[in-house]
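Shown next as structure tokens: one chain only, the form predicted on its own.
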């Protein structure tokens, strides 16, 4: 079943939902109807996405590679430059729209409970719907120009959502930081698109239209019509943009501060959708990266940056106390894993991890939001502990997602992470080094995730409000009279004596409402079965006869058949090596669990936890002081330059303009004397002029 412009309606519905709430949400719909409208339009987009993917699945594999093209209307036609507003659904964009609309709808449902009572309730869902539509433009666009439009729209929506509680200075600054850092990356991305246009202008025959579609650019590059050095520069510029949007070194600094936004924002934008835009873009333009892979010392640039980002961010997450910031640095690390995959040509493995990460990281973020909801917006893990007694549903789902991201079989994260490591190992000597970095990162991931899990749900809180003065000066809010706003923008205030021992205020911990925990269960189930259903290793199926297979590989083969590796079997590893690599991956995850149990397990007293030397490592607590370095090298000199520019503009440029205006006004007043409008003055002027001319000629002759 299909109908005209099906893809366009997938995009249109979220935008319509945003318009409805923008015009009628606050005045007429109000809470909870504004949320219901947003959920309805998001769910409608998901239903149409399922329908479109079913239509695509019925096509032969060769035709699926071309996909379903929806040419909505001619957009920009200027000579050879002919850009259509055209949408394409192929296997890659099909995976993306199912993740975006499916997980996005679940997060919309969760947000109805989480944002209950917020005075800007309807506005929040306007932004949420707007973001959903913008992300769909990004992944369904057929050409670079439409991709760039979606790219910028999600950046603008991210700014609005991160700084949603704009009354707080910290939230406003976080939104601005995200916007500015993304602009740095987008600058390189835009130059890459301009250079692509120039390359297409020179490569195509005279008179041939320049459509800037992914298919046209890929065919021209694959035919060798563009010099390799040009393609390499284009790839570096595109990757520059990806480092900003997907928070990689050196443009990762915005994502941790983005936790100032509401928790559903963290789950939607910074776990499941926007931050994966860079991964999608590289996968979409994989022909360019396969043709001219940029390298540094034999290491593919994309894979090297991804691996370094993965281990760098994981090391910071080891010692964080803010529950959302641990997850933020975890997201940066997992995005590094995805870049490692696409950097070595394992595009299916990268997309596979993108999908599983959307499941378990959204579950973790929303689980953290459920904990905060039950603890009246507390985020400091040192003030948590024993919550499994009060929040059993949140505890179970959080535990499932923790096991999944740690890479412990048989949950989803194990399958996708193992395939990334195996592909890296296949990539020569440099690949084995990258594999080692990835394996160490896997150990660290397991450690910091179980550290968080044990701190939050087991044992007893380490710190309570009302603690005697003279405690650890690094502990925030030790003073019971402290009224500093927490990370969600609400004033924590003085805690009652009844709950000081537990380390949170406003009453005993409580489980979240059903619309929040129901979403957690759905994401937890996906975290369990996602690996089996989408990417079960073929070599295990062949060896054991299990009725599972790498479904995602078969689905994406028509997209990536031009180059790169498409699945776990693309390399030439023997069965013994495959099993050894899998065993090493499992061992790293289990060692991380064992280390976290030894240091933070239920048997450990809170005093022991607070004495851990690792958590007092100033370099890690300071996040390597990168933000301070950027402030010293970029931000403060920028302020100084701005003040100098302001002084130059005020005292030089303005002075020149004002003097020019004064000169014109002065001489205007002078000449105004001769332009009185009286005829006798004009007659005397004509007589005087004639007399002067007559005298001139008389005396000269």
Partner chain sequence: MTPALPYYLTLSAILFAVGMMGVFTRRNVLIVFMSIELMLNSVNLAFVAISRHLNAVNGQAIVMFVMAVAAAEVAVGLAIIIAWFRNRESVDVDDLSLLKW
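The structure displayed is predicted, hence computed values, not measured ones. Positions refer to the first chain, counted from 1.
As for the form predicted in complex with its partner chain, it is not shown, yet the points below apply to it.
Interface residue among 27, 643, 650, 672, judged by heavy atoms within 4.5 Å of its partner chain in the predicted bound form: 672.
Taking the partner from the other structure, its partner chain in the predicted bound form has a heavy atom within 4.5 Å of a heavy atom of residue 677. Contact annotation for residue 687: at least one heavy atom lies within 4.5 Å of its partner chain in the predicted bound form.
Among residues of the shown chain, residue 692 is not one whose heavy atoms approach its partner chain to within 4.5 Å in the predicted bound form. For the stretch 129-165, the set of residues having any non-hydrogen atom within 4.5 angstroms of its partner chain in the predicted bound form is empty.
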